[in-house]
Structures are given as structure tokens and as C-alpha cells.
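Below, in C-alpha cells: the form predicted alone, a single chain.
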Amino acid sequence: MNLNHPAAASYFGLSGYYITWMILMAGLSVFCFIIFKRFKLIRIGKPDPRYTDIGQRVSGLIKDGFLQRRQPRYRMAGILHIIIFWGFIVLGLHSTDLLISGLWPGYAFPFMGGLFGSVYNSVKDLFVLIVLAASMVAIYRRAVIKPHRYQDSHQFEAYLVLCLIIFLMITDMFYEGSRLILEHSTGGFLVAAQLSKITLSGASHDALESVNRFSYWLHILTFFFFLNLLPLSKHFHIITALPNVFFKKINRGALKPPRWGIKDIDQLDAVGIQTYRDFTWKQILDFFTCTECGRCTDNCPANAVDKPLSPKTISMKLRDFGYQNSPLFSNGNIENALILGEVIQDEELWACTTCGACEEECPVFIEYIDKIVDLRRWRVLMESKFPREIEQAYRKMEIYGDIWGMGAALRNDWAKGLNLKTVQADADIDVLYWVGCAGAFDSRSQQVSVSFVKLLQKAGVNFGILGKEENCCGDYARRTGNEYLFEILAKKNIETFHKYDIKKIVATCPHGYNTLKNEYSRLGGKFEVIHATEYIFQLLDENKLSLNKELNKAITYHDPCYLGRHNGIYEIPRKIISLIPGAKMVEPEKNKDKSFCCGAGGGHFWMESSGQRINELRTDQILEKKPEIITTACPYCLIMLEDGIASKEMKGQVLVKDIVEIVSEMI
């Protein structure tokens, strides 16, 4: 709005000036008060350092915040959201211009005139129509199509906000349309304004002034009502989303420590989350940022087999619980409000496989795994309350140093006849092969270990193993919440690595690979850690290995969660398969970063399960492409998929192999 226009100046006089200031002061006062209360809720949280890697954070903010890179993963909903998001940015300038022109009559942004103003008005007016249409389509989707992932969301709030957006667009159109007629202006390319102008054609001068006046005030009032509604509803994410994206987790493979700044768990009186004040400030910001889009739950493997876990519901419950126990007009008792058993039930936190699918899909980068593991930490370390099977696994790791409970004396049995070098006999090696518990003790995984050793020997690699001095990496203990046991195992392994001056490690198991690479550094263990697929591809690229035999079979690759989503290794296994003569790659519908968990992670390999099993559902997904060979790069995925094939009575018809085995057979 520009009050230099004669039509505007005729009625936006002194009274309008005072009214605008009253609306501004009242609206901003209420908004600042609500934000202050919300900020107090965030300040309850414990420290969480998120101020490193600024360049990477700014880059992520641009790509994932402003450019909305993750939105198109759900095409229609993503397009609608991008339109509304950018509509707010474009139209926000115009709403601000309208407000300022009411506060300071006769003033207009200098850059709103000339060529920029003409171009902006045209773009803005086009966005009015696009946002109007997108909002109507969004209402239709919620009311008629009803995507399952919207179930249990705050539907009334969604409809209210969409209606407010539509009302803002309509008031803008009628304001511009009436102004064009009053000023006898053609309006250039103002599409929306021209349409509203058509509806007002033939109206009297007084009627047009009334439309113009009421459109202005209704737009401003709706703007401030909308602004104050945001921090009171799920749409607070409109304000918190960009900060949440900026402060996102950089190293996804590493869990947060029990307490930032404390390296030794023995220094802590309590470990994990029991009450609201045990969350970090970033975890509370996550609650405010949930859009309730349901993408996390829609991709959760536990939820897919009807386990009592919905990541979206966890965020909603914790946000609503925070609001209820931190009311606007009293102090409340949120700091000591119990979470475990009151808001989050044990069945929810133990259903998680820590696969990371929820975090991969979230458009605003909400982190779930750290929260769930923190809740597990309290149950395990403070209350000794956890599933019976996990207790048995802990005991085996404590006594024998491995989760199979076999002991150090049997660590090398798988390698009999392979003439392997141990670092105890000769520490002059270029690379240490980390065998892992599965590779050393599970009969099926031992075949993968043997195949990998033969590849390394064929390529002339100077390598060795720890043998009897290798202990469990601690992945299982850490992700089930036993941080104390994890640190014991990790520190013992780190001490061994230092003793033999180990610099480079290669692992066939993604869980061991992820733990050594991402978890040990905090405890002083900094080594170059490579996964077997990376190392094999390097050997192939250097012509130290060559694939000579033909496969001539349809092969599909299952992405292990801890190799793919947690460490971003998707293409290298596929490149290896592409080098195999005659191999016909067939991708399951859920692949790469949208892959579906095998069901073994987060402690579930050793836990009992009732009802449909995740590995059986994943097997069904893979078999839709009718592969002759299913390959993967994880011993746990290998076992789970073989069990899945057996459950379908297709053993022998479809082979399940580790990619290491296939390469070894093709040499």
C-alpha cells in the first residue's frame, strides 16, 4: 500500500494511523510474550553444542531450508508445501509494506517503485493465485483423500491455518482490485488483482472505498491473528523450521553422548531421560518443529508391522505435554514432569530399530534416535528395566567379550587353514581387518569373513587381525541404552589399537564400521575406518582385483541402514555389481536412502518378536522384482533376509549372498 495514492489518502488518515499502531503493539506484545514462554521451555533443556561446521550448516539451511530439498520426496504434498512456503516469503514483503504504510502515512519502501516494484507486484500477485489454489488442494487432500499418515494429527489446526492463508490471499486480491479501480490503473500484469477487479466492476465509488478499507484492516488483523496462532499450535514450525534445519545433526552415524562435555560416564549421577529437563534444548526445539506430516511414521518399519511406535506421535505427545505443563499464565511444573511411563511407554521405545528412516524423511530434520536411546539409557542404567533377551546379551558381552557368548579362545576358529597374520605375531601391517562378532562366531557370516580374507590375499594386501584380543565393538550395548558397557568395550578396543599402533581398519560389518568410525573418536580412538565394499572397489579400481567370471543372473541389492542412511554409502556397492559381467541389476521400490530396514538393528536381532516380522515384509518388497540373487553388505541383513526367504519357502530358489561373497566367486 502506498498512501501517496489519492484514493488511499482519502480515508487512511489519523484514525487509521492510531488503529494500525494499536494493532501492531497489541499483536507484537502478545506474540513476544508467547515466544518468551516457549523460549523458557527450550532453556530448560540441557546443553547441546550445535555451533560448529558453520559453513556446512549455512549450506544445509539454503538447500534444505529455503530450497526445501526433501519436500519432493512426497511429490504432491511437497509441491504444495514449497508453493505455500515461497508464497509466504514473497507475500510477506507486501504485508509488511501494507503495515508500514499504515504506521507512517505517505511512506513506502523505496525499492517498491520502478522496475523492481513492477516486477515484484506481478510476481506477488501471481503467487496469490498459486497459494490460494495450493491451499484449497491441501484442504481437499485432508478432507477427501485423507492420506493415512495424517491420522492422529491436529486436523482442526490444519484446516484453520489453511483457511487463514486463503483469507489472507482473498483480502489481498480485493484490496488490490479495488485500489486499481479507484486509481483508474490498468495494474500491469496483476493477475489476481485483475480477477478481483472484474468482480467489483460496476460498484460505486463509496462501495469500492469500503471494500478497499475493510480488505486492508481484515488483512492486517488476520496477519497478526495468524502470527500469534503459530506458537500456540503445530504450525509453530513455520517459525522454528529454519533454525532446526540450521542446527541439524552433522554426523548422523554417532549417537549423542550421555552428557555433552562429560567424557567419562562415571562422572554422572544419572544417565538418560526420565523428565522433561533431561532433554537437550535441541531435542525440545524438535518438538516445536514437528509439522505432523507423518512422513516419519509412514516410513517406520516398526510401524509398518503394527508395532506400537509412531515417531510423529512421539513428537506430538512430547510437544503437547510441554505446552500443558508450561501454561502461558503460570509457571507450571514442567521441569520435573515425568516422561517415561507417563508420556512415552516402554513398548514404543523398544520397538525402534534405529534404522534412521524417520530422520531421513523428516523435511525439518527432527532427530528421533538420540531421544529413544536416551530414554533406553534411563531404563537400562538407572532402573535395570529392559527386555529379558537383552539382559542375556549384556551378560555375554560382559563375561565373554562378544554377544554370541563364545569367548576369546574361539575367536580365531573361523580362520583355520587361512594362514592369517595376527598383530600379536607381526604388527607390521598396512590394514587391520576387523572381523566383528558375527564374522567370527556366526556360521553364515564366517563364510563372508573367509571370502573377504581370500580377496585381500589375492590382491596382495598386507593385513592382519586382532584375533583373541578383538572384543565386541559395543554397537549393540550402546543402541540398547547400556552406555556403561559400551564404554568398557570401546575403551578396551581403543587401548588395543593404540598398543599395536593401528592406523587403518577395514570392516565387513556396517555396525562395527559405524561404531569404530563415528563412536570411538569421542573416547580418543581416531582411526581411518573403511567398509569392505569401499576397500573392494578401491582394489578393483587399482586393478589389484579383476572380475572375470560371468554371473548372468538378476540381482538386487538391499541397503543396510548403518552403511546407507547412517554413512551415506549407496553407490559403491552398486558400482561393484555393475562391474560383474552379465549381472542384471533390479532395484526394489524402496532402495538407497528410502530403503527398508531388515529389522535387526537397535537390538532387535536378539529380541523376540510377535506378529508380522520386519524382515518378512522386507523380503516381500524385494521379491516383487523377482531377483535370482539378493545381495547385501551386512551380516545381520544377510541372516535376516535368509530367514525371510526361508519363511516364504523359497530357499534354493532365491539365493542370499553378501556382496563380498559374490565378488570372491567372480574372481
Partner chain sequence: MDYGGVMNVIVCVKQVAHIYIQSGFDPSTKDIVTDGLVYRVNPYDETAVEEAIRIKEKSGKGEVTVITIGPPRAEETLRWCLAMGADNAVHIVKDGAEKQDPWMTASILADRIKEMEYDLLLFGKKAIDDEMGQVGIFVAELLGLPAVSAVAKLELTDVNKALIQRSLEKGNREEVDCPIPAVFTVEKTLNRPRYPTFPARKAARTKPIQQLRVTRMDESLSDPQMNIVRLAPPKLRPKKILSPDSNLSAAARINFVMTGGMGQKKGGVVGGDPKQLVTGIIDFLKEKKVIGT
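Every value quoted in this text rests on a predicted model; they were computed, and no experiment measured them. Residue numbers count along the first chain shown, from 1.
Unshown form predicted in complex with its partner chain; subsequent notes refer to it.
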The unique member of 399, 221, 338, 554 whose heavy atoms fall within 4.5 Å of its partner chain in the predicted complex: 399
Residue (of 630, 640, 614, 41) lying close to its partner chain in the predicted complex, criterion heavy atoms within 4.5 Å: 640
In the predicted complex, residue 388 touching its partner chain (heavy atom, 4.5 Å): yes
Close approach of residue 482 to its partner chain in the predicted complex, 4.5 Å, heavy atom: yes
Its partner chain contact at residue 367 in the predicted complex, heavy atom, 4.5 Å: no
Residue 147 within 4.5 Å of its partner chain in the predicted complex, heavy atoms: no
Interface stretch in the predicted complex with its partner chain - options 562 to 570, 266 to 274, 313 to 321, 536 to 544, non-hydrogen atom within 4.5 Å: 266 to 274
Full three-residue contact with its partner chain in the predicted complex, heavy atom 4.5 Å, for 394, 404 and 443: yes
